[in-house]
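Two versions of one and the same chain are coming, encoded as structure tokens; call them structure 1 and structure 2.
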Structure 1
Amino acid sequence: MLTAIRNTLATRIEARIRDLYGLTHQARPEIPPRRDLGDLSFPGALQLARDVKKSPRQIAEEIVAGLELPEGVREVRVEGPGFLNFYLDRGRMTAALLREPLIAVPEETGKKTIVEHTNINPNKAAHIGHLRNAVLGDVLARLLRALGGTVEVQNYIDDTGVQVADVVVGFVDLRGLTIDAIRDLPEPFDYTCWDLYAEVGRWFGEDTERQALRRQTLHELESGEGARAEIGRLVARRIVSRHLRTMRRIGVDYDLLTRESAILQLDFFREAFERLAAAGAIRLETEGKSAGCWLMPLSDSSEFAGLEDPDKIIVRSDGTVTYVGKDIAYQLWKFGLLGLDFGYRYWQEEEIWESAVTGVDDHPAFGSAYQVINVIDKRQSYLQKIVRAGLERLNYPDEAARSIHFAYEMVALSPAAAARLGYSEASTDGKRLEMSGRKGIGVKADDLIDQLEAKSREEIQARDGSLPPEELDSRAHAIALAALRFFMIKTTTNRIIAFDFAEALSFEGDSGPYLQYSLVRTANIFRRLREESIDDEVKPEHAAALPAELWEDDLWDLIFSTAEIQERTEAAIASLELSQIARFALEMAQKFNTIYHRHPILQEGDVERRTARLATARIFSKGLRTLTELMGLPIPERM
């Protein structure tokens, strides 16, 4: 509705400018910073002043003189240096917001978007950096679906990579365990591997000869045959199971697990390799330090200009394939360009589809996307560029353009958090500390979630000590989840999150629980009204008929915010800046909480006044619920 008014206004203003001055001017009415400056604003008179050779205010007056206002616009004023400020019909907009969904779902386009996220190496526990990835990916998928998109969420499992190989070496060569002994290791298996992986790293460091074991193991993993491959499969399977459990705790799930082992064993890479070679995109190096490698020359591309070594190795001299090589094959498959497909198997215990060498006949259709969004941290921008370059060189420029790297900065540890893990301020030089799975530095995801739940439980019991345990657990979980998810999306993606326990565990101010608390307040009001046999709903036509002066500025300011939800959601997707949604939700809740103290509803004796306030609370509740659902925050009835 807001967009419709905005568009009509733009068209009419453009026509006025054409009639008056014979100029073509792109009019895009903006939303002014404060509501007392109107609801929509056109600054174009300022820009036109030079060409028209009149003062901006005079131009604004001339435009206004013959401007027919669209339905729903009550008034226009010329204000400030020459802004045209438009004021909406408040009752009419309120009625529309009560009546209509806040996000209009467009027609299905049939174009699928694949969102790939999480992608944790299956060799250790997930840490809080992985949570940022998973939450961003999950919220992205929710937003795309809310706007009518077809979305397939994939979690890539690198089960044949160096990281898994290292843990296999740890179990076999360092611990001397058999496959049965590994199978019998107790949970949390991912925690055991976390420590072992760091230990193996140190062990390799002590004697570089030992790295031969890594190469041998990696070979076996790639071929899929032999005892080490068998152990690799066991390790990866047990770890993935733990990762899925962790992610389920925070409400993240997937449509498909894609396994690197399947990519290799189904010859996806061989197919991609042959095409790349035939297209001249890769060549066999015969001399120099990279002799025996297949590499992709990148020196001719401006995108890679200035690099020290502008050629990227795709196949190593020992015949194994680098990650980026496999990723090119995978990306081709995602677009349905490879001509090969996975087998698919349903993993019963985890209730999820996964790719496999051989599969069942009856499975959902996977792959063949129109657009692919890879959620991967910013440090991998270079590799993502190479994947795109691969598509371009195979003459798929459109698919390359629709290969989107959703990049975000890493999560590091604040000096205080580092100190808590045993790294003193002196050792970190008072700076934040980068997490490292290889070194075993990091806050494990499950540990943080546990702490959040414990803190929630404390807070709830401080307010109501007589809750049954199940109710306590369920509320604590909902609050912990909201705190975590909100924490991960409230910061803009190009900023490093310096993780701090005190901040992450805060349920006040800029936090998920603050949003939940606002909604609990509305629910309480509605419930109390029903208890007093007062209608807790407001009919749209009733709202429209209320005297205009009842829509006070602060009520209207909040109502108008909810009218912006559609455009704000679209903007967040377009810019891939999901923090905009979090900030917007926060703004709305802040406005509501102020109004809550200033405009009581139950105590208001004047029925019409009460109705206007109730309508505001209703619309706010509807709006914030929409946003919290988009962010995947649960909405408790009480907390």
Structure 2
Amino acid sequence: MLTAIRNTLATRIEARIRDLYGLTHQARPEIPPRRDLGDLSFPGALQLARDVKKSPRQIAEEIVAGLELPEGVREVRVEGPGFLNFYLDRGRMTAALLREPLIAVPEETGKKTIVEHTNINPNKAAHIGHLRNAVLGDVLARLLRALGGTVEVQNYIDDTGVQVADVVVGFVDLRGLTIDAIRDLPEPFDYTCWDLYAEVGRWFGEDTERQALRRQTLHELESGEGARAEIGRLVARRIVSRHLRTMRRIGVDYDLLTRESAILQLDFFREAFERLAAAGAIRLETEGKSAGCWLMPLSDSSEFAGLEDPDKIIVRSDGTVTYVGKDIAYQLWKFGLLGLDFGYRYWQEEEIWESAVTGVDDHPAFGSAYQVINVIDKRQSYLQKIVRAGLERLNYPDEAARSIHFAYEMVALSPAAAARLGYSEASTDGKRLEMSGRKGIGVKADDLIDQLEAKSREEIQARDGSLPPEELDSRAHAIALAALRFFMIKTTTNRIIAFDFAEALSFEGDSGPYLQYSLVRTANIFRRLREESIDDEVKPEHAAALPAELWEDDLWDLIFSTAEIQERTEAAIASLELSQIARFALEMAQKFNTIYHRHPILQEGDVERRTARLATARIFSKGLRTLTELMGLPIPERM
């Protein structure tokens, strides 16, 4: 409703300005910083004064003189030097918020957005940094869907890359295991590979000639033939199964797993390579350190100016394809520009589709997106620019512009969290522990989730030691999940975050459990009203008919905040700054918990006053539940 009012006001103000002065002026009213300045404000008269040659206040009064107010706007006042301040009908707005959805879904556009996220190399266990990627990607998809978008979530499986090759070398050449022995290794298999990956890195370092084994393995993985390729498929499949289990624990799922091996075996890259070569976008280097490699020359692009070595290798001299080369082919397929398609089949027992060389006939339509958002950490910004450059040089400038990199900074651990997980040293700055999979330094995602659930159990048992184990586990999981997901969302994406158990699990302050607690508190109010045979619902028409003086400013401020949810959601998507949703949810919870004691509901004897307060609590609960659903935070019945 708020969005509709603002849009209608903008249209009518702009029409008045054209009629009065013959000028075109963008006139969408703003939300002022203080409630006493109105609910919406238009400062444009101050900007028009120079062109119109009149005082801002006179201009404002002339605009108002013939302005028809939309439904829901109580009055407009010309205030200060020439502001148009609009005041909404509080009862009417409250009734609309009780009655209507908080996010109005627009008509279907038919334009699909592909959100690619998680993308963990299938060579070892998922770590805490992967959790941030997965949560950000999942929340982005939730927001897009809430606003009516068609969204396809993909998880790219790099099953032919260097990382998988190194684990294969570790099993075959370092430990001397057969494929049957690898198949028989117990779970958690991804933990075994975590240690092996670090071990084989040290083994390569002891004798650089051993890296020939990596190159041999890479060739077999890319061709899909040979014993090493078979082991690579086994390793990748077992690891991905573990990754999917981990992501289910935090409420993340996917529509499609796209496997890099299928991109190669179905000649996606060959098609992309031939097009790039025909367009002159790549060249074969004949001399120097890159002799024998196919390069994409980028030195002529201002975007890559200043780089010491701006030309990017697409195909190595040994014939293996770099990550960015395969990703250009993948991006072309995402937009439906390649002219080729995968086969599709279900992933093992999961209800998730995977790309394959051959598949079933009956499957959803994948790919062919209007927009592609790749959720990849900030360190991959250079490679994402090259992918866009590849599309531009193939004469797809519009698709290149709609290839969006959702970048974010890494996750580290606070010194206290590092100590809790068994690490005795923080990084040299003394503020956080930074991780390295190659060195085996890091925090496995499942270990972190286990620790959060254990900490949640401690908190719950300290409050209620009589809970049955099943109920205790359910609550502990819900609180741990909210703590983790909110922690990954609340920090701006341009900041490295240091995860801290005490901060994430706090029932006060800026935490997921604090939001859960706020909603459980409202649910308790409604339950106690029912226990006392008092109707805990508010009919919209009753709210609209209440006297204006009952809508006190602090109650109205919380109601008005709830009305902003759609615009806040749209802003978070437009900026790719999902922390806006988290901070907004906190603001709402803090406002409610402030007025909770000032405006008691259960003890209020005046029916109309209680109704106004109950309506406020109902709207707050509706709004915060909307936001927690967007963030994927479960709400337990009790804390």
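Take the two forms, superpose them, and find the largest set of C-alpha atoms that agree within 1.5 Å; that set is the rigid core. Quick note, the numbers are simply positions in structure 1, starting from 1. Bear in mind the structure is a predicted one, so any value in this text is a computation, not a measurement.
By the stated condition, namely the form predicted on its own, the second structure is the one that fits. Once both forms are overlaid on the rigid core, the distance between the two CA positions of R57 between structure 1 and structure 2 is 2 angstroms or more.
Once the cores line up, the CA of V357 ends up less than 2 angstroms apart between structure 1 and structure 2. Core-superposed comparison between structure 1 and structure 2: the C-alpha position of A45 differs by no less than 2 Å. Taking the core as the fixed frame between structure 1 and structure 2, we note the C-alpha of L9 moving 3.2 angstrom.
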